[in-house]
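One chain follows as C-alpha cells, the form predicted alone.
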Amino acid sequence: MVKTLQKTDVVLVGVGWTGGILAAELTKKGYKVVGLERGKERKTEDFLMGHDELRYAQRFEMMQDLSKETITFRNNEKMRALPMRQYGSFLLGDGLGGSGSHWNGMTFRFLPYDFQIKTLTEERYGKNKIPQNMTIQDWGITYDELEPYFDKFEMMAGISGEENPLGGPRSNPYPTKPMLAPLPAKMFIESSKNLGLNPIMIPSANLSESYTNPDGISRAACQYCGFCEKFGCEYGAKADPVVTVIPVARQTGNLEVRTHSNVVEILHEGNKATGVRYIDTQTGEEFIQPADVVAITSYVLNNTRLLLTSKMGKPYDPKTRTGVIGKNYAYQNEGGNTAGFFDDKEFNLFAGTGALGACIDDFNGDNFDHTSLNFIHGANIAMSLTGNRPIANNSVRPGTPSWGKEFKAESLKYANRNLYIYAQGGSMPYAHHFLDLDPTYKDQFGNPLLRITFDWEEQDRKMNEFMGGQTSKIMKEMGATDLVTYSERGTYDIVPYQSTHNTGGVIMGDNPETSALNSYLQMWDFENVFVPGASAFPHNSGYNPTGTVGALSYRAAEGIDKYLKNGGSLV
C-alpha cells in the first residue's frame, strides 16, 4: 500500500550539487523542502583516514551499485545495446552529495561562445561550417546573463584561481588565491609562455587557503594528499555539497533529507506535477510526496530516465528529429594527449590534489581560427597533478615489456619521472546521439534502464589530431627525453574510464519545439517542474561541467522562488 505524506513546498529528487544549492537558497527564504536521496547519509567524519585506494578507487565504494541499476549502451541503432556491468567510461555517484562528493574539483566557467554557439559559429564561418547532422543550438541564455550566478557559485565554494585572459569577463576576482604551483606546473607555464600561449593555474575547488564563505561556512586549506577523485575529503577542503550548501539548508530547520529514498515516478495532472512516488530501499515501503514544485536534481542520466518513465515531455525521435527528452546527448572528447618521460628530472608525483595544475585556453571554444579546420570548438589543454596513487599508476615508455626484470626497472625509474598533458575537448551533439528507454533491460524495481546511443565522429577525430600537435609541442618545450602522443580515436567503448562528464538529454533553449527547458531550467510543458544540472547542456564544452552546473542551479533556485510567488511560465 502506498502512503501519501503531507504536502511540501519543494521536493528534490537527489541531493548533490543541484539539490543542495536549491535546498540552501530556498530554505533561507522560508520554503519547506524535502530532499529525497536514494543513497546513504554522508559526513566529513566518514572519510577520516580513508586513504584506501583499493576500497574507493578500485572497488568504487562511493558509486552506484550496477547490479541494481545501470545503463545500456550501443554505438548506433543497428546494434543491440548491452548493460554496463562494471565501471569503465564514467562513474555514477551514490549517496548524499552525489558526484559532488567524489569529484576532483576543477571548476571552470563555460566560454561566452558556448552559450551562443550556433549563432556565433554561423556568423564567423557561415552555415556550411556546421555538419548537417550536428544539432548544436544556442542555450537561450548568454554568458553575461549567467555571470552573476557563476560568481555566486564560486564565492560559495571558495574557488581558488586567477584571471583567465581568454575567458569571459568577471564581476569579481576568485575568492581565494591559486593553488601552489609544483615544479611540473611551473615547467608547463614557462614552456607555454615560450610558445606564445596564455597559461593559468587550474581553477580549483580544493581550497588554497582557509576560507569562510558568504553563508558563514568555514573550511580549511587543502593538504595536497592526492586522494580527491573517487574519494571524499577528510579535511573538508574540497568543496562538496555535504560541507557547503547542505549544512546551510539544515540550519534553517526547513530542510528534511530522507536517505535510501529512490524516486521512481513523477506524478502529474495536466501541465503540473503533483508530487513524486518513491520507494524506501531499506524497507520496501512506497510513499507519495506531494509538492508545489518538483525539482529533478539527480545525475544527468537519471534526470532523463525519470522524465521518460514518467511520460513527461515528448521523447526525442532521431528519425524525425522531433521531440526533446533524450535529445543532444554529448560526452567529453578527451584525446590528443601527450606523455613525457624525463631522464634528467624527478618529481614528487605522489603529492597532489584533484584540481592542481596549469592549463591554457588558446585552443578552446572559438579562441582560435577554425577556417581551415574540419571541426568546431576545441579543448582546454592542461597538466594536472592529482597525486599518483600506487595501484593505478605504473607508467613506462612504449615498447617496454609488460613483465619481468626490464619492466620492473623501467617502472621504478619512471615512477616519478613521467608527466602527462591532456586535451579535454568539447563534445558536439548529433541527431543520432540520444538517450531513450531500453526495451529489454530493467532495474531492481522493474523499470526500463536508460539506453545511450553514442559514438565518436569525424569532428572528434580531427580535433584530437589537432590537439595532439599542440600538447606535443608543449611537452617537447618542457624538455622530455621521450614523448608519445595519443591522437587516434577509434570507436567509443564503455570502457576504459574516460570522464564522468555526460551532458544533455533535458536541454535548455528559447523554443519548446527544440528544447525541454527555459533559461530558468523550468520545463516548457510542466510549469512547476525544474531540471537543473548538466542534463540541460545543449552541448558539452572543453571544460569540466561543475562550475556551469552550479551557476545554472542558482539560476533555477531564483526561478523556483519566482514561480512559488507568482506562478506560470517564467519567460
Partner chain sequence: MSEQEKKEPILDKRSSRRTFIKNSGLTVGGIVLGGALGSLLGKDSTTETHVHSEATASNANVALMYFTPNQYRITEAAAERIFPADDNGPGAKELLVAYYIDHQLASGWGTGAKEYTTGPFFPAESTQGFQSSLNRQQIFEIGLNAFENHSLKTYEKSFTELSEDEQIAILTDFSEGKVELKGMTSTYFFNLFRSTTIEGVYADPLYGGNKDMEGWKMKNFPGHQMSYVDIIEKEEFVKLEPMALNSQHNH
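Keep in mind that what you see is a predicted model, and the values were worked out from it rather than measured. Positions refer to the first chain, counted from 1.
FYI, the form predicted in complex with its partner chain isn't displayed, but the following is about it.
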task = Please run the contact check for T119 against its partner chain in the predicted complex: heavy atoms, 4.5 angstroms, yes or no?
result = no
Interface membership of Q58, its partner chain in the predicted complex, 4.5 Å heavy atom rule = yes
ask   = Wondering, does H260 line up within 4.5 Å of its partner chain in the predicted complex on heavy atoms?
value = no
task = Report whether the minimum heavy atom distance between S411 and its partner chain in the predicted complex is within 4.5 Å.
result = yes
note = Partner-free chain; cross-checking its partner chain in the predicted complex, the single residue of F287, Y125, F368, Y441 with a heavy atom within 4.5 Å is Y441
ask   = L437, M84, L195, M155: which sits within 4.5 Å of its partner chain in the predicted complex by any heavy atom?
value = M84
ask   = Residues in which of 329 to 337, 296 to 304, 427 to 435, 225 to 233 have heavy atoms within 4.5 Å of its partner chain in the predicted complex?
value = 225 to 233
ask   = L91, D280 and L564: each with a heavy atom within 4.5 Å of its partner chain in the predicted complex?
value = no
Neighbours of its partner chain in the predicted complex among 315 to 329 [non-hydrogen atom within 4.5 angstroms] = none
